[in-house]
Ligand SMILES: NC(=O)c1ccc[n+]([C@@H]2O[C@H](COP(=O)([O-])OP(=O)(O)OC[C@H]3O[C@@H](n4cnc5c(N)ncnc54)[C@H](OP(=O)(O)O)[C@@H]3O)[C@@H](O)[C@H]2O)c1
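The chain that follows stands alone, in the form predicted on its own, written as structure tokens.
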């Protein structure tokens, strides 16, 4: 018989809970995936929220009325003070046979307090437990280490689920699937055939009400340090010895350890930033050097990737919204270019992550009816599928205890080590380029890649 479990959601009145967690739990409920869930306890700090008000929040979140689903829920008002945990403790005492799943859907400044308070009263409970922590896991290397040390005082590593929802996305998982399920790609997945790799997360919107969080964080911390570097590890990792969560995460960590260190004085050669023109006005800020655009060039110093640049970029208020990774292969040798009297485009493999779930293969073919030596024209093959909710995949993995798509302690700290010199340099040198809303980003980002004789790709 499968083990019963109970879910506690900290931040149960917040945006993440309302827009993602409750709809996902409802979807799992309808699929009978919560059959062993005894109770879902939501906590929130807002005063004057009773059960009636909370049920209305659930109705708004799932877009409907389902009394059976709602009966799973209890709401507990809980502030950050230690004595506020008494009510939660009293409820949990009724479920001494269940496994506890604690989900921290709260602002990051609350993590350490919640973890410490939880750890204190859980000493009295025999229950198995899991704790799920949203990003950002720290604001820099020092704070990430401090948070890791705090959580290790109260939870074992196998009980910790550091969540990065990008890893739950179908196309991101298919990077792994395409590479290791098709022998035709393994022979060319290296520096002998690949010229460079681009990973982009572009948005056409601004901060959208997140200014209190975003202005302290910026684009580098918000997207590159976690999401985009995670995609890089899946593209660059060696085949694991077995399909096992430890083996897969070990290979990802090896990639992070192989990334060439960017020295403080080298930062302008490897990283650029920008801020969209109306940021200060939109967010009613007198002054801010927070970047809304960041681009970074990284090198992996191992036999497979030596000399192949990885370009990572992200930005807000750009021309269009799309997230993708592009594998750009080397150009055809010069002899064949002379023979064809033209220069065919490079072959690419594109992984479109958002807004569509798509894999694209671009190659060249002789035009229909042309001569043998006609200049080839670009031809595209595509695979696409439904864009399943990433959080649903990750929630199921938490329930069954699969850590494969979650971030390990050493992964967190190594990814912060990579970007820490950039954080330090930008803090000291606060001049920030401005780019127009609806543009492709700052000129400095174009210069970063054009210096290497390359251009940004769009899918």
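As the structure is a computational prediction, the values presented were derived from the model and not from experiment. Residue numbers count along the first chain shown, from 1.
Below: the form predicted together with the ligand, not depicted.
The candidate spot formed by 119, 162 and 406 is out of contact with the ligand in the predicted bound form: none of the three has a heavy atom within 4.5 Å. Shown without its partner, this chain lists 106, 290, 314, 233 as candidates; in the predicted bound form, only 106 has a non-hydrogen atom within 4.5 angstroms of the ligand. The single contact residue among 110, 204, 384, 71, judged by any heavy atom lying within 4.5 Å of the ligand in the predicted bound form, is 110.
When contacts are judged by a 4.5 Å heavy atom cut-off, residue 23 does not count as touching the ligand in the predicted bound form. Contact between residue 46 and the ligand in the predicted bound form is found at the 4.5 Å heavy atom cutoff. Taking non-hydrogen atoms only, residue 78 approaches the ligand to within 4.5 angstroms in the predicted bound form.
Taking non-hydrogen atoms only, residue 136 approaches the ligand to within 4.5 angstroms in the predicted bound form. For the ligand in the predicted bound form, the listed stretch (60 to 68, 408 to 416, 426 to 434, 37 to 45) containing residues with heavy atoms inside 4.5 Å is 37 to 45.
Contacts between 252 to 278 and the ligand, taken as any heavy atom within 4.5 Å in the predicted bound form, involve no residue at all.
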